[in-house]
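Have a look below at one chain only, the form predicted alone, in structure tokens format.
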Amino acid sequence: MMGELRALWAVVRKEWLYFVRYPSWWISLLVWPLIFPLAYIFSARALAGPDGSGLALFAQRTGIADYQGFIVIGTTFWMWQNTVLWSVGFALRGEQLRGTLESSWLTPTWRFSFLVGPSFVNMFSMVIFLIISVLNFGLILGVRFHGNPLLAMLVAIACLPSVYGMGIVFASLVINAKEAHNFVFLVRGLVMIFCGVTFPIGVLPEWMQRFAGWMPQTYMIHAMRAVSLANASFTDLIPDFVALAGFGAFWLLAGYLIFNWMERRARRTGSIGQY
């Protein structure tokens, strides 16, 4: 066990050195949280009309009057999911491009460590991302989150298993497929359309609303909006917590099983060394 923990720490340290080696990566943590929501915020202002009369209908549909806060929470979760799919999902592909995957794979190390390590570093960078996002929203956009910060933190923790479980599934597919860009584009497109990132799910057709109920991002975004903008209590969020617990267990288990299956298949076919 101690040997596996030392190996895991070596992977975490390696990923951390990659992260701090390129300072330009930090620019995205400063810029994207502000730039990405602005396109939807300005569109909402335009659609609300010159006198803002459309905002009354928005508040009626969502129960939230702060449309800017509604949008920035949805887009922040979308960016978080997108970053995890790219960084964790392509962790092994990055090793392959650097020419280090085969030599690492030959060591007597638990293979899952090569995915868990990047996840830890990504979690740290996402904490920084969320802090910068909140500061940007408050100082520049004037968004005010007036809910319970501890409950909001609990919601974020409840989202972790689903988000990183999906990232592990993508990483497992890359072992044999080598590329998973189309899968990432598909998932983030589905999240943008079905999970109410920039608009209330209530405007969707009934069949699309039922489909949205099978995606964990729907409950992530709804719970964070409820606690941050509608001052929801823990009791109000119990349905979301139950759903996130179920989705988290499913995606973590699916990621673990699919990774082991793909690893065994790659060992039989010799595809680890194939570019």
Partner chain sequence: MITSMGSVSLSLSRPTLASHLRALYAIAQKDWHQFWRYPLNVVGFVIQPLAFLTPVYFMGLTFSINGQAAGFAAYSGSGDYISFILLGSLLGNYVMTVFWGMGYALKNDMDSGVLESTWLTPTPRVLLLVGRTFTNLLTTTIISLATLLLAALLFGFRPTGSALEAVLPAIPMLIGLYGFGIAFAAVVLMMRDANTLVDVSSYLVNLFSGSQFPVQSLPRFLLPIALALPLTYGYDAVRGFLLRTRTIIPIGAELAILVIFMIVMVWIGVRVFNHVERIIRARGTLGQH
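Numbering follows the first chain given and starts at 1. What you are looking at is a predicted structure, and each value in this text was computed from that prediction instead of being measured.
Just so you know, the form predicted together with the partner chain exists too; it's not on screen, but the next bit is about it.
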Whether L47, I193 and M208 all lie within 4.5 angstroms of the partner chain in the model of the complex by heavy atom:
yes
Just to confirm the contact call: exactly one of 24-32, 214-222, 246-254, 231-239 touches the partner chain in the model of the complex at a 4.5 Å heavy atom cutoff, so which is it?
24-32
The partner chain isn't shown here, but in the model of the complex which of L92, I71, V143, V163 has a heavy atom within 4.5 Å of it?
I71
State the residue from Q96, S125, T83, T198 whose non-hydrogen atoms include one within 4.5 Å of the partner chain in the model of the complex.
T198
With a cut-off of 4.5 Å between heavy atoms, is R111 one of the residues that contacts the partner chain in the model of the complex?
no
4.5 Å heavy atom contact, L204 and the partner chain in the model of the complex:
yes
Looking at the partner-bound form in the model of the complex, is G189 within 4.5 Å of the partner chain by any heavy atom?
yes
4.5 Å heavy atom contact, W78 to the partner chain in the model of the complex
yes
Contact check, 36-63 vs the partner chain in the model of the complex, heavy atom within 4.5 Å, ordered by sequence, gives F36, L38, A39, Y40, F42, S43, A44, R45, A46, L47, A48, G49, P50, G54, L55, L57, F58, R61, T62
